[in-house]
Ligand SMILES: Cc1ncc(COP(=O)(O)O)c(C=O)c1O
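What follows is one chain in structure tokens, specifically the form predicted alone.
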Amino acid sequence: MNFSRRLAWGVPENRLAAAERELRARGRSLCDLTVSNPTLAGLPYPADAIAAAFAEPAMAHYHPTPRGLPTARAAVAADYARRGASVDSGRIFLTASSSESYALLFKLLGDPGQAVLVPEPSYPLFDYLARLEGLEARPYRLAYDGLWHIDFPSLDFVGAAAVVVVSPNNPTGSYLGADDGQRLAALAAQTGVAVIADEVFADFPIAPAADAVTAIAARPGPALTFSLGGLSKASGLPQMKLGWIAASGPDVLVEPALANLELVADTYLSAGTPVQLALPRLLEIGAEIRRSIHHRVLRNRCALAERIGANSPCTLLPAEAGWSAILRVPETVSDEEWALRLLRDSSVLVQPGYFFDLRLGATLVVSLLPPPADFDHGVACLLAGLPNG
């Protein structure tokens, strides 16, 4: 049987995943510091209120709208206003997820064989999303000198259809700074390339000054820009499967883009009626869930920082936002080897930095979502498993 050449099907299991599977099969209890699903992180969820949000008789009827139901788009616009961004609901499209938002935009902007510029380090998903649309994910570097910023010489716009920015980035937790954002937008406008701004973690600042960061969709700029959000992170409701795209930029670019994006969206009509009708209430409910997640993230990061003293074998890298923390560990072995040793010898599961294309020596990435007792135990095991830990 021949399969599409878009992906290398049958990619072998990586060493860490194989080791985890083998240990779990033998009944080993592991402390998982990779948890990224908020619904499985021991957080309080108002199940009755969520269920009540779907008690809407209008769900029995179907009125397909490519951009999404007007009431749902108005709710998204109001949520942007909560973050200090004025976004016209007519420039908002609803999707089934952030991944689908990328897929629709890649269809809109790129022809097979073109490139999408993606940040490195970042979450290891862009290569799959781009290749499934027949595009190439071409990385550009984020440089680190105590702060993260775009390495502009690494940007290659030749044959590019779009440039992706993730603000705040996962796992670095860094926002796209105003200076970098303005410079990138100018370059994108000059080369006729659209900007796709993934802002799904923007509601979880760590550094106090980060509270003032507004949505990229609200920043006036010369480039056609699409800002992505969704219920998965901002409301801690990944199971609801609803994301959104907000377009901004010069009207001469935005208006034809919206018309063509509507045609793409009309082909799929994938956002479900029940979740769209429930969206205004889900955003209200999500505010409390978001506060619980934010409190958990801040608490766990503080606990982690307190455990890493002057004589610690590792260093906690600074971050502005997000759910992850990056630890620099001794370079006596690779980060993959450290992750394997910690799993086998200390029963703690972490992610090696190379999963995210981190190039800072040996690094480990941990989630800040686990329940405090589990997190503290896992951190203790992690530090004990390092030299002089």
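Model, not experiment: these values are computed from the prediction. So that there is no doubt, residue numbering starts at 1 and follows the sequence shown.
Another form exists, predicted together with this ligand; not displayed. Remarks below refer to it.
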All of Y80, F93 and S248 within 4.5 Å of this ligand in the model of the complex, heavy atom check: no
Region of this chain that lies against this ligand in the model of the complex, out of 106-114, 229-237, 141-149, 183-191 [heavy atom, 4.5 Å]: 229-237
Close approach of S97 to this ligand in the model of the complex, 4.5 Å, heavy atom: yes
L176 within 4.5 Å of this ligand in the model of the complex, heavy atoms: no
Close approach of D198 to this ligand in the model of the complex, 4.5 Å, heavy atom: yes
is_contact(F157, this ligand) in the model of the complex, heavy atom dist at most 4.5 Å: no
In the model of the complex, the one of V166, I216, L283, C314 near this ligand [non-hydrogen atom within 4.5 angstroms]: V166
In the model of the complex, residues of 108-143 near this ligand [heavy atom within 4.5 Å]: Y123
